[in-house]
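Let's start with one chain on its own, the form predicted alone, as structure tokens.
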Amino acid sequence: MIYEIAGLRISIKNRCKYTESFCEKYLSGDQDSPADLEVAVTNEEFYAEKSLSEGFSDGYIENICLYRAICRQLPVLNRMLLHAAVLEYDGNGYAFLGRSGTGKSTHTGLWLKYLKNSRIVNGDKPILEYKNGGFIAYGTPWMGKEGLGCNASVPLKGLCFLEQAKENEAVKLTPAEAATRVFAQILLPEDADNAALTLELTDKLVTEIPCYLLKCTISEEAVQKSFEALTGKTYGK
């Protein structure tokens, strides 16, 4: 079946029914025109993942492998996977990043609570496209365990790396500082060409998109700090 994901027509050759229901909101109405890329999972890839994923269904395991196969092919199409939660506010996208447990879901949840014109585009694994001198963040079916997101795209206007702290502070990062943090949040393909293209996209990301470190508590003040740094606007509910 062909799905429309991140501005691409993607032919997914799945064997288990799980992926069909998982991606149904992205199913293309045009199943006849050519696809931009095609993915399938080899037996070797499937059983390697299965050995690491005890207790999960075959459909779930295949689905993980399929998304990894998609993401490996993205760099030649000016796209990359970013492990982040992307939130939209007033038509612009902001990505929140950090190690597991640093509070991405919690902080974006506070944005939803305190800022009316906000929504989650993707809670965990959005795709970024570099286009016309800027980045677009796309929702995908792969949204993380909370399942938060939608089939939408937004211009990406800021990155915000999260750290838990006792006081709230937003600090502007240099591209070099941001690069050391963002490398842990990307998928680097195994083949040299796509790896090199991914690194080029990552360099553009931290160079052209403003990046901040938010040291934060779980509070409305933390939302104020990140909101004002990322949007350049004065916070007001």
Partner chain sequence: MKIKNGFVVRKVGGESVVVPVGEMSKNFHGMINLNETGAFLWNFFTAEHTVDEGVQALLGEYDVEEEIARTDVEQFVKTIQENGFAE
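What you see is a predicted model; the values in this text were computed from it and never measured. Numbering follows the first chain given and starts at 1.
From this point on, the text means the form predicted together with the partner chain, which you will not see here.
- Task: Have a look at 61, 206, 70, 41 for me and say which one sits with a heavy atom within 4.5 Å of the partner chain in the model of the complex.
- Result: Of the candidates 61, 206, 70, 41, 206 is the one lying within 4.5 Å of the partner chain in the model of the complex.
- Message: Can you work out which of 170, 173, 199, 35 has a heavy atom no more than 4.5 Å from the partner chain in the model of the complex?
- Response: Among 170, 173, 199, 35, a heavy atom within 4.5 Å of the partner chain in the model of the complex occurs only for 199.
- Partner-facing stretch of 22-30, 45-53, 61-69, 190-198, counted where any non-hydrogen atom is within 4.5 angstroms of the partner chain in the model of the complex: In the other structure, the partner sits against 190-198.
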